[in-house]
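Take a look at this single chain, the form predicted alone, given in structure tokens.
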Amino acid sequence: MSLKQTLVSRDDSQQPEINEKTIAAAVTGEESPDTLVRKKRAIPKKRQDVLKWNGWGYKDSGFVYRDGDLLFSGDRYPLGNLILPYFTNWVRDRLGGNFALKVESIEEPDDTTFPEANVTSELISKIEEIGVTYSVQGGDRLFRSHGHTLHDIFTLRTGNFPRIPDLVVWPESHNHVVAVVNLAQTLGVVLIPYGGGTSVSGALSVPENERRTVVSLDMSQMNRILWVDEANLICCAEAGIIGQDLEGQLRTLGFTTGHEPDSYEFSSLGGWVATRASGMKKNTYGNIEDLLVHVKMVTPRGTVEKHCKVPRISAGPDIHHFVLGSEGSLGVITEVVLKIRPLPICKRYGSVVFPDFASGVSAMREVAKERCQPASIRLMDNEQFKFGHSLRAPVGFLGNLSSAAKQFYLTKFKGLDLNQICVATLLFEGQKHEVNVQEQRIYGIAAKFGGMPGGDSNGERGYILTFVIAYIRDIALDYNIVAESFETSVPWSHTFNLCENVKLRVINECRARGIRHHFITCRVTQTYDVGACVYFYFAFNYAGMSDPVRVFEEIETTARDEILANRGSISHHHGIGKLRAKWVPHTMSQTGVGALLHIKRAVDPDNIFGNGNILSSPETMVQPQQSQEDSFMHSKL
């Protein structure tokens, strides 16, 4: 029996769908869906078995220095096992990297070094009655005490956190979660939801002054696709499923969500909703708020959900919009219904070389104005172009000859300055004729702004490199270099100026502190009718500095102030957490903040979900001199 013939109906919707057993059969090759077979997940329950305890990603993957050059270990990524002499030289020249002076991380702590868990026998007994597995082991608690900010990783490498969860629990169903939340309400226990652990906003850290028992609610075992509805092109999945598992299973059925954030390998579906995530292919498939059809969120006052799954409803304020972006501060997301699409027939990469960044931004704006964006279009400034270009292996005499010929063509024949050019990488998806038309329009617009095609291999390489860039910070920390990314959204009228002003502000701040070797770069990653998302990468050599993280955070704070002064937002997709909470008053009025507080009191009056995200205490908030709305309205657009 074929997959499409194996359909069942649900009583609540009477719509044909593929249920979990059918999905398991398709994924595992079993003919009959009668016996549920679980697919092996990419990340195991004990995450530290395959993931680094003090860095990004897989244990078997990462940049290492060996025999005079950097290389990327493992075979999971296209850079795997390649020697990277150009990148080695770039690190030396641009950031003053001294590979003779390695800064070793502390050893992974053993269970005897952690503070004793603050748990009662009553709590453990009740957890066992519910039937949820749990752990008080120090390694499990530590792994779920942090995300991936620079502060988090530097702390892991050099010391310890002042507070970590006391207990980790692994629910396996919505009903399990309801029971755990009710228990926490009864016993006065704090719950911190944990999805993929990829947060870069401090959202997972335990508030230092929290004296109640803190439980990390690890959602990783709620990782199933429950059903797929082919008629309406939607699927329902549990919130703990990570991106690569969700997409891998859907692809076996011929579908995709199209949601592909940079953290796609490790981040979870629930985390995407909780942070209002955005993916690299949002132009075709939408951001998470565009994909969301239905969501369940368990709070101490009950489950928040709609009683219908329709494309649109006019029934007062949309409750989905206080679930989206709630960052685990109101409740925990358990199930999500998403839009899906058939897998694209045609997938094609491309790139465009522009004479300078201003020309590239103007072209991006024109593409957005004509609403002809491909699935992904991202513009790198010159610094990022040169950085990315260094991440390549030696190519031999003929390859070097070809590279020299290309440089000659660009500089002598086209008159471009290699210290000014920038590159846009492109990904087209759809029907073949649609992709052909889209390519013609994009390259036609680019030509109006001095852009020329740069080849599909450069486009593919630029797109795929996204997944290895996160590994760079770990090798940087080994050699006295701190690095981090931050992002924003901004109106088109201020996009170019924001990019230039923020970079200049960071450079001046580094010079004022006597930092000789520093690096600041940006790229325009998402385009909209009214503006764009801009992503910054910032790094500096901290050799001889006693507290580099404090210095980094001071400079990043000035960069964020500069972003806001240039009409940028607090965040495009990373969220607020604790790291950006002090800027909330720049983002909404006092009445808006009050409305959020009232929602919190309505669904969680005892602050059971007490992670401290989004709304910090009033005395720590930066008070704006002028509201963003006023600034925006009075600016010259």
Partner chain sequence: MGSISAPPNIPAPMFQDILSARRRSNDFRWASRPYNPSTYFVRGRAKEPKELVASVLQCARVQAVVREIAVKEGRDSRDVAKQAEQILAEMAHDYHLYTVRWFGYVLSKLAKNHFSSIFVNVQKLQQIKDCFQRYPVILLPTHRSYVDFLLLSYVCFTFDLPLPIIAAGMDFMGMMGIAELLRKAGAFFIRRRFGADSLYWALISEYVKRAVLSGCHPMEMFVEGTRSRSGKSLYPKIGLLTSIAELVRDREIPDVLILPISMSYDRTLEETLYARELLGQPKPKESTNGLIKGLRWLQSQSYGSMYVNFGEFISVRETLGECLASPYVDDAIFTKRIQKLGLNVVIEQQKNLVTPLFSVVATIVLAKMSEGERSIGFPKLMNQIHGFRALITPNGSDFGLPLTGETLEWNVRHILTIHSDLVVCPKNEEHIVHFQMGEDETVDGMKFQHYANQFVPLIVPNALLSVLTNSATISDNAQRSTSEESILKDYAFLRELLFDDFIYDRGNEMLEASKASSIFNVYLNKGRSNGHTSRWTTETEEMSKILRLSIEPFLIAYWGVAKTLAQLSIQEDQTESQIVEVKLLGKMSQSYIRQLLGSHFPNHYGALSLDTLNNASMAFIKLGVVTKIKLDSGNSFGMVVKDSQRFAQLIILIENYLPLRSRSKLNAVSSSSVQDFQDLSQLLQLKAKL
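All figures in this text were calculated on a predicted structure; none of them were measured in a lab. Positions refer to the first chain, counted from 1.
A second form of this protein, the form predicted in complex with its partner chain, is not displayed here; the remarks below concern that form.
- Partner contact region in the model of the complex: 495-503, out of 85-93, 495-503, 164-172, 378-386, criterion any non-hydrogen atom within 4.5 Å of its partner chain.
- Contact annotation: of the candidates Lys578, His574, His586, Lys52, the single residue with a non-hydrogen atom within 4.5 angstroms of its partner chain in the model of the complex is His586.
- Distance criterion of 4.5 Å from any heavy atom to its partner chain in the model of the complex singles out Glu562 from the list Glu562, Glu439, Asp318, Glu305.
- When its partner chain is considered in the model of the complex, Ile345 lies well away from it, no heavy atom lying within 4.5 Å.
- Though the partner is left out of this view, Asn508 does reach within 4.5 Å of its partner chain in the model of the complex, counting heavy atoms only.
- Among residues of the shown chain, Ala512 is one whose heavy atoms approach its partner chain to within 4.5 Å in the model of the complex.
- Among heavy atoms of Gln420, some come within 4.5 Å of its partner chain in the model of the complex.
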